[in-house]
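Before any questions on binding or motion, here is one chain by itself as structure tokens, the form predicted alone.
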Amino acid sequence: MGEVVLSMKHITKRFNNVVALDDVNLELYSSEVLCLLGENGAGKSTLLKILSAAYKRDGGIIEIDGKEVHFKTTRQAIESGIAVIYQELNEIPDLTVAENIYLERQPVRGPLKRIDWQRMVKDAEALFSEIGIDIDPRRRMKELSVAEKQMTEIAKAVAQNIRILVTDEPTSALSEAEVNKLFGVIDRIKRMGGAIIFISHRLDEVMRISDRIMVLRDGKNVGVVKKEETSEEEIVTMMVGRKLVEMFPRRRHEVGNMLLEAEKLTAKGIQDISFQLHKGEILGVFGLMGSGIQKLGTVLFGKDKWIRGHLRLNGKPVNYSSPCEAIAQGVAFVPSERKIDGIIACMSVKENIVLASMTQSKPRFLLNHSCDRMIAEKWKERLRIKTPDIRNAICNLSGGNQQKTVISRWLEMNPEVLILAEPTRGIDVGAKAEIYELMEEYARSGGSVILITSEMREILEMSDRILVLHDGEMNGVLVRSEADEEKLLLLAMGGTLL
């Protein structure tokens, strides 16, 4: 590590009566990666927004190179060499990739300083080549996958004259290969003397990329440790304030009769998918990016229509053409993209929790609002949703707490089939353990789960069987006792088990 490039001293921030940050201190050195950890709602994103001038601090001092700074706008922070990549991306969908990267910094030519579109595309191509990204900069942002958008945001930061790179869950939507590319970029910035603040809930990534690890809990400093002097267990204890007995619950129940059967389901993006799901079973669905695992989830929930094949529930054919029909049949779905498909941002936490059960039961004028409050309070406590009041707008919650709210919505309905797409993305380790226990409890009571996830350990530990997709097609089914990382990756990459 080199010299101190950033000091944040005694930072405080309040939102009405809620103390989000309480006397927080942070030091960042040149040529280092500082991983900032904490449970959802611990104050990590708030601290970053204060650094980037998105939020105004209520107290404390920020120094860059030993000199106090007072950024009034995010532009001033950027001009000082601070680039922040937030968990929720901020792109302009109708502009091209190149236009998003060089927004307000477009190259110009001639005395009239007209935008040099050709040069902008060439600059973007050169940047992508340097980083190792294979995206046509002339494509529009709305045409990109989540992973491609994330990599574009990273390229946008690299294109700036950055000295401090701040990343908030940058790998949450990336494949392993893309994570490796990102880490290569971070390592290059570090070797050039740059300083990086890295936020992630994936402890294996933290132990791989960090030099030092700083932990926040309930808006306060817990401690700073060097990577080589700590362990994952110690970090978890610092984050949650207690020891987790085990991350994954031990499964000790038998599965029951067949509940759901798919036969040669075919839709845009998947082809001839066949499987059986039994009562009390957790069926894992695994595949690499572009494999069709997310498409399978939306088809099973009626969001996307299948064009060929059959689906039977409790032995009876079903052919629902909308999520409402799927819900009526007892099928629930937690989507991978909570901002787009999960939450209703203008509604309260309470309304988001009771939304599905409310629309499936009585007219609005017959609803029992006292009962709604009881339901919302129950799930707030059970999933440790951090909000001072269930009447607060859900858009004010951290991403992880929004996700827990969406999960509680469907658990309240007690459906026969619960489809979970990336259910722990952006969730802290404490909440992950609680969600895994809820999944196990739900299956033990006779419910059936389809777990769609790109988290290797998650799917190996939680699934009774694992359906592996490659290029939209089935490439194998593994029972829990025979599944391991090698076999999963081999099948996911299109290989064949001997």
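Predicted, not measured: the structure shown is a model, and the values here were computed from it. Numbering starts at 1 and runs along the sequence shown.
Below, we turn to the form predicted together with a small molecule, even though it does not appear here.
- Not one of E263, T266 and G297 places a heavy atom within 4.5 Å of the small molecule in the predicted bound form.
- Checking 182-190, 100-108, 396-404, 150-158 against the small molecule in the predicted bound form, the stretch whose residues place heavy atoms within 4.5 Å of it is 396-404.
- Looking at S45, you'd find a heavy atom of it within 4.5 angstroms of the small molecule in the predicted bound form.
- Although the partner is absent here, L489 sits far enough away that none of its heavy atoms falls within 4.5 Å of the small molecule in the predicted bound form.
- At the 4.5 Å threshold, heavy atoms of A20 reach the small molecule in the predicted bound form.
- Residue contact with the small molecule in the predicted bound form: N40 places a heavy atom within 4.5 Å of it.
- Between the options E91, E281, E169, E178, the residue in contact with the small molecule in the predicted bound form by a heavy atom within 4.5 angstroms is E169.
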